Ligand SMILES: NC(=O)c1ccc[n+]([C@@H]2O[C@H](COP(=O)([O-])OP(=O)(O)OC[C@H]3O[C@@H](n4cnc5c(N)ncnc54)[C@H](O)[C@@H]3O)[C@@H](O)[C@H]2O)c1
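Encoded as structure tokens, the following chain is the form predicted on its own, with no partner shown.
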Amino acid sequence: MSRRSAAAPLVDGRTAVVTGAGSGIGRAVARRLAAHGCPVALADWNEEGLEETAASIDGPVLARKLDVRDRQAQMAFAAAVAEWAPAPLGMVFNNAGVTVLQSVADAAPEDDEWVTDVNFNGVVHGVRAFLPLLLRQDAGVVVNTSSVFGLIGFPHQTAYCASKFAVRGYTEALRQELRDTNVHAVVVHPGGVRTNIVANARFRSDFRNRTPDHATATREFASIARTTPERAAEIIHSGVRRGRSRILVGPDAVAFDLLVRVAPTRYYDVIDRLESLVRRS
């Protein structure tokens, strides 16, 4: 078998799978891929948002309500996609994600488990469901969404950070397993992207009580998230087509990646100072 691991995967015109497609980055990536000739298979727990995404796309669409925590449901979705797909699989984008704002000392364990199950186990189930199809055709790319919080630790985001660091490690290890195949594994690290992740979060407390309630946290996130979902989709699509193994989305992700390399144990001191300056301005 010839090795093509150095070459960029073929994505445009091939069937694409997107979870978390009911809003945000997932919706924007689905629309962008469809605009580049991809039949798209979409999944989300939010059926209304999923239907809105599907209705906005011209071209072949398969939409399924899906709880990514359900391994058997993911397997069934992969089987449905394999039967439906008008073209070979190009890209599988495991993107569904949630968060909770709470401290470790006062955490509700069920909320941490919810975050881990969706963000990490959902990715694992998606990879296990679709990877055999990609290996069978010896082509394609698995794209897993981590976060800028898969690069740094952040207070009151312990479960989210743990899950996103796990996605990063899982994807990087998977990439090494695929070295002698034509299947690629890519990890994506979005920074602040204007999505509903905080609006849909479970909220118990925030760092230093700067945001005393969920509504305030949502407004503050909206004020600092500078990257649009459409711009994020453009960066992800371009990075995958160029054969990138690691994609940083947004200037904040690039800055944090550099910061953690320069000050691996002191980066939060810098972040805290910068946050204070931003708040004053």
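From 1 onward, residues are counted along the sequence shown. No experiment lies behind these values; they were computed from the predicted model shown.
Same protein, other form: the form predicted together with the named molecule, not shown, and the subject of what follows.
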{"property": "Interface residue in the predicted complex among 196, 158, 205, 121, criterion: non-hydrogen atom within 4.5 angstroms of the named molecule", "result": "196"}
{"property": "In the predicted complex, the one of 134, 98, 81, 185 near the named molecule [non-hydrogen atom within 4.5 angstroms]", "result": "98"}
{"property": "Non-hydrogen atom within 4.5 Å of the named molecule in the predicted complex for each of 29, 90 and 245", "result": "no"}
{"property": "Residue 25, heavy atom within 4.5 angstroms of the named molecule in the predicted complex", "result": "yes"}
{"property": "Distance check, residue 190 to the named molecule in the predicted complex, heavy atom within 4.5 Å", "result": "yes"}
{"property": "Residue contact check: residue 200 to the named molecule in the predicted complex, 4.5 Å heavy atom", "result": "yes"}
{"property": "Residue 66, heavy atom within 4.5 angstroms of the named molecule in the predicted complex", "result": "yes"}
{"property": "Contact stretch among 160-168, 82-90, 105-113, 177-185 - heavy atom within 4.5 Å of the named molecule in the predicted complex", "result": "160-168"}
